[in-house]
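Have a look below at one chain only, the form predicted alone, in C-alpha cells format.
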Amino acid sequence: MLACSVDSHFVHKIWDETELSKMVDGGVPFPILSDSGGQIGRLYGVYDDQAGVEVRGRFIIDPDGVIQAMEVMTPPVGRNFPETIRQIKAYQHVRATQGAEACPAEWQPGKETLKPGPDLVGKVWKVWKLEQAG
C-alpha cells in the first residue's frame, strides 16, 4: 500500500507527526510518496492542473499492474478505510481462487462467496439473503 500527494516528504512527515499519528497508533503504516510535479496524478487522472493539487484518488492495483477498483473524491468527503481493506481482501480472495469464486456486495472474509456460472444466474439474491440473515 502506498499513498501519494503533491506535498513534499517534509510536509508528509509533519502531517504524520501532528495529525495521522493521533488518529492511527504509530502513524501511517505505509509509505507516502511525493508527486511534486503531479506526474503520477496526471497518469491516474487526479491532478488538477489549475489548482496544482491532486484530488483524492484510491486505486486498487493487482500484482499484474491492472487497476481492479478506483474511487475519486473531492476533499469535502472523507474516505472509508475499512471498506478499502474489505475490497482488497475480496480481490485477494478472488485472485487466490483464480476466479472460481466471486465476492457479493458487503462480503466479508469467511463469509459465503458466489460460484460464477450459468447455475448462478437469477439466484445471486438467495446467497445474499442467506448472508444477511446469518
Partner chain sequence: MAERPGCARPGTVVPAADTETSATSTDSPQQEVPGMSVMVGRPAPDFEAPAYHKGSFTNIKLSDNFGKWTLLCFYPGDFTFV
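Computed from a predicted model, the values in this text were never measured in an experiment. What we label the rigid core is the largest C-alpha set whose atoms superpose within 1.5 Å from one form to the other. Residue numbers count along the first chain shown, from 1.
Although it is not shown, the form predicted together with the partner chain is what the next lines describe.
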Please run the contact check for residue 125 against the partner chain in the predicted complex: heavy atoms, 4.5 angstroms, yes or no?
no
Wondering, does residue 86 line up within 4.5 Å of the partner chain in the predicted complex on heavy atoms?
no
Closest heavy atom of residue 62 to the partner chain in the predicted complex, within 4.5 Å or not?
yes
Classify residue 99 as contacting or not contacting the partner chain in the predicted complex by the rule of any non-hydrogen atom within 4.5 angstroms, answering yes or no.
no
Since the partner is left out here, which residues of 68 to 82 would have a heavy atom within 4.5 Å of the partner chain in the predicted complex?
68, 69, 70, 75, 76, 77, 78, 79, 81
Displaced residue check between this form and the one not shown: residue 30, CA, 2 Å or over, core reference
yes
Did residue 112 shift 2 Å or more between this form and the one not shown, C-alpha, core superposed
no
